[in-house]
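As a starting point, one isolated chain is supplied in structure tokens, in the form predicted alone.
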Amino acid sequence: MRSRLLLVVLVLVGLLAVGLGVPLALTDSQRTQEEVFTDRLTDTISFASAAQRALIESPQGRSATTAFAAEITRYDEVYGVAVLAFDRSGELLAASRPSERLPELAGEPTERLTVALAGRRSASTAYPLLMPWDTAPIVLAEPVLVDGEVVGAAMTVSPTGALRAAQVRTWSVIAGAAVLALLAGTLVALPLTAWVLRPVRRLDEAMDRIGTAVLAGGPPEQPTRRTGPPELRSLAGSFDRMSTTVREAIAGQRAFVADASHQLRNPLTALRLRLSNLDGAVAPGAADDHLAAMEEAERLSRVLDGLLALARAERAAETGDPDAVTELDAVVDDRVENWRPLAEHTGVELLRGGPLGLRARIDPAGLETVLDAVLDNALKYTPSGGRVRVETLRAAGRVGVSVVDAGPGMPAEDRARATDRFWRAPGQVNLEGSGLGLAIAARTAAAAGGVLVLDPAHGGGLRVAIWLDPPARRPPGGAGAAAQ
């Protein structure tokens, strides 16, 4: 958008430069040509007057013709303008240079000579504007009058090299001024477009942050800075009101989910107790239905537990300590030891690896939540005899923990949806679980400023990794120096 806005400004400046520069160039060329035309017309009229005696002189007396020829020859030598005199019949009487050096007289010169012999003056005919690329000379012809009768004509043929060179210089100056105007327009347009578009860019960035915060259950976004044109400041105000409404709606939805899950636990617990009390007391024909009801009650209980865990994870993003730092080794070792009995029970080997001594910006409870959800899935899908590797990670300035299972893995389209709420892989709908484990893990990681990544494992299986930011380095001297 900035490029297009800058292009519009430059086009307007360019049109203004062309609109002013072209008429200025043409006007200057017209003025310069008129000066040359007037000067040559004066000389031509003067030569027409001087040619009177030569044209009326008898053939025997050639003194006047000789004097006129000497005058025009001297003039030609000084100014480089050819001068010719013709008699009434159009025959050449005198010329300022030899015939082999005379300019071509066919075409326009002949037409102007005919007009002069008809008694018309050159000033009565408009002379076309010469352009820098026109090489034709300026030809003027004036009638020679004696007692009002045309006895011949005088003609001047002026080269236009100097005139065209002056035009080129003037046009170059005007073109340079136009280029400078474009440069000045660019220098003015750059900060202007930045001023106009800065609020738009801030709104775009704010929308990205709000979208990420809403997805991760993060803290509310601060109102945007209202700068720029009044229309954009009004738009920023509308955006702030809209974002506030969205945050309130999302917060109300989360509160409802948390409250509903919490309120349903008590009647569900009572229902489970009643069903347990009926164990052994139901009719033999209703035993299967009683068992199915117990299983559905257990499944509903797991779903409610998952919803409560998800609500806590999203609430922790708003109320958690953003400066919390966790020693990864302590949490990872603790969760590995907690899940090891289940792994041994199912015949899965649980391994621990990776570099030691890493620290990350996340609450310990949050990291435990992520590892529990990921380890639960890994042990659930790894067949007996397989291995699950839990490793700490450090790469590209980030730290993390990965869990690699030996299960069937996931195709790319399933990995893209695996962190959605209640999403279950095709063909695994009937497996135990609420479908909220990876969703809780992903939102907990996002709330800590991290990310949960699912990749295919080398040799088969799924690799789930949480990547986190390391804690900021303390300045030299630490807190003591700051206190001083």
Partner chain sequence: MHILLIEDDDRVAAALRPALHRHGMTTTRLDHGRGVVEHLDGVDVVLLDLGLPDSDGLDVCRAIRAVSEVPVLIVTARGEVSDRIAGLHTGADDYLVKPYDIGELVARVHAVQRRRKVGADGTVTPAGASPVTVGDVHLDPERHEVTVAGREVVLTRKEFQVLALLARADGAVCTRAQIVSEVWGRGWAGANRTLDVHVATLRTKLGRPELIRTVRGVGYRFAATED
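Residue numbers count along the first chain shown, from 1. Quantities reported herein were computed from a predicted structural model and do not represent experimental measurements.
Beyond the structure shown, there is the form predicted in complex with its partner chain, which is absent from this document and is the topic of what follows.
- Contact check for A270: a non-hydrogen atom falls within 4.5 Å of its partner chain in the model of the complex.
- Its partner chain in the model of the complex comes within 4.5 Å of a heavy atom belonging to S301.
- Heavy atoms of Q253 never reach within 4.5 Å of its partner chain in the model of the complex, leaving it off the interface.
- Within 4.5 Å of any heavy atom of its partner chain in the model of the complex lies no heavy atom of D323.
- The partner is absent here, but in the model of the complex a heavy atom of E368, alone among E368, E349, D87, E71, sits within 4.5 Å of its partner chain.
- Taking R241, R169, H345, R201 one by one, only a single residue has any non-hydrogen atom within 4.5 Å of its partner chain in the model of the complex, and it is H345.
- Of the candidate stretches 389-397, 288-296, 100-108, 152-160, only 288-296 contains residues with a heavy atom within 4.5 Å of its partner chain in the model of the complex.
- Every residue of the trio S276, D279 and D372 has some heavy atom no more than 4.5 Å from its partner chain in the model of the complex.
- Along 333-362, residues R335, N338, W339, P341, L342, H345 each place a heavy atom within 4.5 Å of its partner chain in the model of the complex.
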